[in-house]
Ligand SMILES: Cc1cc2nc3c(=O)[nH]c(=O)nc-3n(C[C@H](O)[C@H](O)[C@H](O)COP(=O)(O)OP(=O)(O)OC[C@H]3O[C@@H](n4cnc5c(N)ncnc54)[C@H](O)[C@@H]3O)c2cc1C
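Below you will find one chain, with nothing else, as structure tokens; this is the form predicted alone, and questions on how it binds or moves follow later.
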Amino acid sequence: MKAIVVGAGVAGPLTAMALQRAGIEAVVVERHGPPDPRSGSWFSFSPNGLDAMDAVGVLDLAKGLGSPTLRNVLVGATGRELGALPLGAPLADGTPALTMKRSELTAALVHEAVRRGITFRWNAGLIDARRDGDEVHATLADGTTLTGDLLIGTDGVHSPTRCLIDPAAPAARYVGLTNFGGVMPGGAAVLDGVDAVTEQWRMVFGKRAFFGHHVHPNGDVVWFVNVPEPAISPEERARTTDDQWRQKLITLMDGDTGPATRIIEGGVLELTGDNTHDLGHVPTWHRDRMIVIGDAAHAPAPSSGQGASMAAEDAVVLAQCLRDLPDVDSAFAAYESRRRARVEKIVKTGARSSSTKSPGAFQQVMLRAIFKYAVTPKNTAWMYDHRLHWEERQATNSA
């Protein structure tokens, strides 16, 4: 069996390697060139996602790139701690959630997939696809056609594959936050007290924006700012310099507690004006031996911290279903049965957490109650402590 995997972000190479372990050949096509490990933002990979990476045999790769992260500490604009969000139980070997640069992880996964013999086609986006009997023919932007037994869209929240499967599929929804991020080299040296604590993200619900920073073991300080505002247009992004973005962020954080302005002033911008989106209920995930997984099917808001982890889980479960079920259609149906309720619950959870980033005094009172009574290790275990077992056999009535 041969699969065409569309998209070479985190999900693409993970899916190809999971399929390979299940005995299925995969080729990955990507509309851009190979990933640049120096570009983009940082994110946290939670234990449930790391468990899925372990099933694919790349956990050590992630551990080599990631910084241990045990919790998110939430702070009000005046400096009062509102609570801490636990990031789940560590894996059996003690590995907790890890913070890493997304582009570095993507590049490392691609390198490992190539080492395992998986082929990548760069600058060759998907233009069209159609089923012909038991085959799928995919037309690429470079003018070539690939033929496989199935096609898997791992091409993100703005997925072209989703629209090919269902032209009436919903589009991604802007969640009302623009995202900026960067790193302050050696910044730990200028921090002290609670701001210098490692193995956590410290996040401030500021008067005008939401700020977070993470102290890396090498002494660098990774940071981000979420700004509640209308989506930034391509024209505004093109005419705004990094210095102008930086001054905007400093002004937004001025007067709030913590080291935000110092970190932004001394930091390097790596992500500017990124409009954040989510994707809730997508009625049709698969048709005619084509399927979407990861953000292409169910994208939680970035504040959930679950986008990449959900994609990793998807990759493993889909590979298991294709391994164990007698045909592609029944494998797709079993996969959807196992995944839909879980991922849509996580999307809803992410949407609620994004809404709390809008400034306001009532928000502070509400959040203190949430972190005291609702956001506890027991109440979040369903999300973070979910574990997969590669040898477990899948059945048509999986749920």
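Residue indices: 1-based, along the sequence shown. All of these numbers come straight from a predicted model, not from anything done at the bench.
Below, we turn to the form predicted in complex with this ligand, even though it does not appear here.
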Open item on the list: Using a 4.5 Å heavy atom cut-off, which residue among 148, 88, 212, 156 comes into contact with this ligand in the model of the complex?
Closed with: 156
TODO: With this ligand left out of view, choose which of 258, 96, 280, 125 has a non-hydrogen atom within 4.5 angstroms of it in the model of the complex.
DONE: 125
TODO: Specify the contacting stretch among 187-195, 129-137, 88-96, 292-300, defined as having any heavy atom within 4.5 Å of this ligand in the model of the complex.
DONE: 292-300
Task: Close approach of residue 103 to this ligand in the model of the complex, 4.5 Å, heavy atom - done: no
Task: Contact test in the model of the complex: residue 3 vs this ligand, heavy atoms, 4.5 Å - done: no
TODO: Give a yes or no for residue 271: in the model of the complex, does one of its heavy atoms lie within 4.5 Å of a heavy atom belonging to this ligand?
DONE: yes
Open item on the list: Considering non-hydrogen atoms and a 4.5 Å limit, does this ligand approach residue 318 in the model of the complex?
Closed with: no
Open item on the list: Under the 4.5 Å heavy atom criterion, name the residues of 8-25 that approach this ligand in the model of the complex, in sequence order.
Closed with: 8, 9, 10, 11, 12
